[in-house]
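In structure tokens, the next block holds one chain alone, the form predicted alone.
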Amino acid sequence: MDETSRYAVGLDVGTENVRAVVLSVSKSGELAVVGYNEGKSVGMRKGVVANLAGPAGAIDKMLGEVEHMCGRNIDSAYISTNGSQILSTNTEGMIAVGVVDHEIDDEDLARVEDVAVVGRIPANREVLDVVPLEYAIDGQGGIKDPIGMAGTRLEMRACVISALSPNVENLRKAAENADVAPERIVPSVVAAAKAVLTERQRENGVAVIDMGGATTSIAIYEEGDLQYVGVVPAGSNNITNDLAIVLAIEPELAEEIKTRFVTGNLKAEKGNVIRIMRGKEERVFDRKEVETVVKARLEDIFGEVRKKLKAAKYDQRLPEGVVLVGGGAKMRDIDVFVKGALEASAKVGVPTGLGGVASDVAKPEYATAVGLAMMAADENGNFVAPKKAKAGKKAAKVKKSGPSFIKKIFSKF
């Protein structure tokens, strides 16, 4: 493996699954997938940690295989967070920067960011990101980068992404218990957008919808920037559970029906019954009954998604439509249903533009993990370790370390 490369790691900790992707970053900036894996998640509920030992053990087990694959020890990563606890808040700030010929510098940007955040985000919430939407100097707006410009008054309009502090801290502890230092914590849908969106889509207006097992997250982009983040506390697992209840069957069989026979194109001609062999026994289900259950749940989920779009004032105002990612996006013809439900163009997104074994992670469920690793690569997140990977981690051992990277950055808030 090229010793001149850096290595960036994305760790997606979901309710149902944990996934990791390792990218090598060449001197020229080219990205290649050199390691990946997924495993069942434990101890998570609707995107948040419910039991510290569960996620730590799941992360430890899954990363052991990744280390063997890429030949590196994974000691740090960019990590995803999810759940209805995540909010976006539009804020504004203004500072005086001095004399007329004063040139705006990084210190001025940090001060106006402080003013825009402090006192506007509740004390029980942790800031995950501050996205500057627009700057104004002496009343002249529409400025994206004011560095080097002269003026006496600097204003900023920003989108602040935050989450409940206890939930973020528990996620950090779960990762540290698996001997992985969280370099940064990112909402899963924001990370996924990094992997699947083009610059044109971000500029024109687009929404990314991450349909996970227990949550469905929305991120809206326009004029190149993140404008809104919202989360619906329901996902593809709700379809499975509904089928299990209505058909009076075990969840494993309901999941098989969903995976093999359910489609978002509910008008397609597919026959009247569904037949599944269980050993020597044939199980027969009424297709219309199955489709009625699936339709009701999908209408519920995407009805809530549309409410989020309306609240953000982007309903039917997205020229690039919506891009679907996450495990729920694997449902056949889900884009057909979403197009009708949201009255917008819809397609399933997968990570692209990578080298290495990229085809193995060119799947909607890997979008978040790939996006996290891409963000780490862009922001100089990396790990350096011996050629030979460790035999394994000690998930039960709590790592004694100082404040994490993200905690240091936002401690001033």
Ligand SMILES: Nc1ncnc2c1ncn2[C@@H]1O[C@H](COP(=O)(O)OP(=O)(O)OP(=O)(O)O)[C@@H](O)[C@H]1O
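The model shown is predicted, which means the values in this text are computed figures rather than measured ones. Residue numbers here begin at 1 and follow the sequence given.
From this point on, the text means the form predicted in complex with the ligand, which you will not see here.
- The ligand is not shown here, and in the predicted bound form it never comes within 4.5 Å of any heavy atom of G371.
- For the chain shown alone, G264 is not a contact residue for the ligand in the predicted bound form, no non-hydrogen atom being within 4.5 angstroms.
- Although the partner is absent from this view, P187 stays clear of the ligand in the predicted bound form, with no non-hydrogen atom inside 4.5 angstroms.
- Contact between G151 and the ligand in the predicted bound form is not found at the 4.5 Å heavy atom cutoff.
- Of the candidates Q227, N237, N167, T89, N237 is the one whose heavy atoms come within 4.5 Å of the ligand in the predicted bound form; the others do not.
- Among the residues L247, L318, L253, A214, the one placing a heavy atom within 4.5 Å of the ligand in the predicted bound form is A214.
- Contact check at 4.5 Å (heavy atoms) against the ligand in the predicted bound form: none of P55, R125 and R172 pass.
- Judged by heavy atoms within 4.5 Å of the ligand in the predicted bound form, the contact stretch among the candidates 92-100, 132-140, 71-79, 323-331 is 323-331.
- Contacts between stretch 38-55 and the ligand, counted in the predicted bound form as any heavy atom lying within 4.5 Å, involve G47 alone.
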